[in-house]
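Below sits a lone chain in structure tokens, taken as the form predicted alone.
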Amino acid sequence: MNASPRRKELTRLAAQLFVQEGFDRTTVRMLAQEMGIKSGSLFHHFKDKQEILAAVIEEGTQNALHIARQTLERSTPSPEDRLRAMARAHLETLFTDRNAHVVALFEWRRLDAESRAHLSHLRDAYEALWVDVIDEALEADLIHGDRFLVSRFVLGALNWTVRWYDPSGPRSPDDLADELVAMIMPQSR
């Protein structure tokens, strides 16, 4: 997809509006007004509202994948360190690019089949990083359980923080990540 600075800015503004109004309630007129352009000018940058939604989710998912990969490259090989690093990276992504991630979490089902097919590889690549880290932690006997259930539990818990966590509150994102990892590790450690 086109990655011009103007399109990126429009995508960021669309993400904000989709979070505030929801995808279905957001009109092309509302998007154009938020972006400070005429409705017709919007189609210079995007084919339709569906393409805007796909652009928001694509940018957010690429950002999450980039942060996660960088974090794992800098992490020690310790399975516990890698698990903590991934939890911290996930929270960093959620809090630095919150709107795009809220849209990806809550509006994914609104994507048309073509857009879902186009974006699934990014989501799958991100989830594969988590599966690798969880597999390492399971093999090291740091955590127990079914890989699928553990990964869904961890990602679900981290994703839900966008609804209740206050970054200016008493707990830092690192504290939050450490708490989550501590919750899934056996107490006997």
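One-based numbering along the sequence shown. Since the model is a prediction, treat every value here as computed from it, not as a measurement.
Here the subject shifts to the form predicted together with another copy of the chain, a form of this protein not shown in this document.
*Asks:* Can you check whether I37 is within 4.5 Å of another copy of the chain in the model of the complex, heavy atom basis?
*Replies:* It does not: once another copy of the chain is placed as it appears in the model of the complex, I37 has no heavy atom within 4.5 Å of it.
*Asks:* Is E9 one of the residues lying within 4.5 Å of another copy of the chain in the model of the complex, judged by heavy atom distances?
*Replies:* The answer is no: E9 has no heavy atom within 4.5 Å of another copy of the chain.
*Asks:* Should F43 be counted as a contact of another copy of the chain in the model of the complex, where contact means heavy atoms within 4.5 Å?
*Replies:* Result no; F43 lies far from another copy of the chain in the model of the complex.
*Asks:* Examine A140 and determine whether its closest non-hydrogen atom to another copy of the chain in the model of the complex is within 4.5 angstroms.
*Replies:* Looking in the model of the complex, residue contacts with another copy of the chain do not include A140, since no heavy atom lies within 4.5 Å.
*Asks:* Tell me whether Q20, R152 and T161, taken together, all sit within 4.5 Å of another copy of the chain in the model of the complex, counting heavy atoms only.
*Replies:* Answer is yes for this spot.
*Asks:* Going by heavy atoms, what in 164-186 lies within 4.5 angstroms of another copy of the chain in the model of the complex?
*Replies:* Sequence-ordered list: W164, R171, L176, E179, L180, M183, I184, P186.
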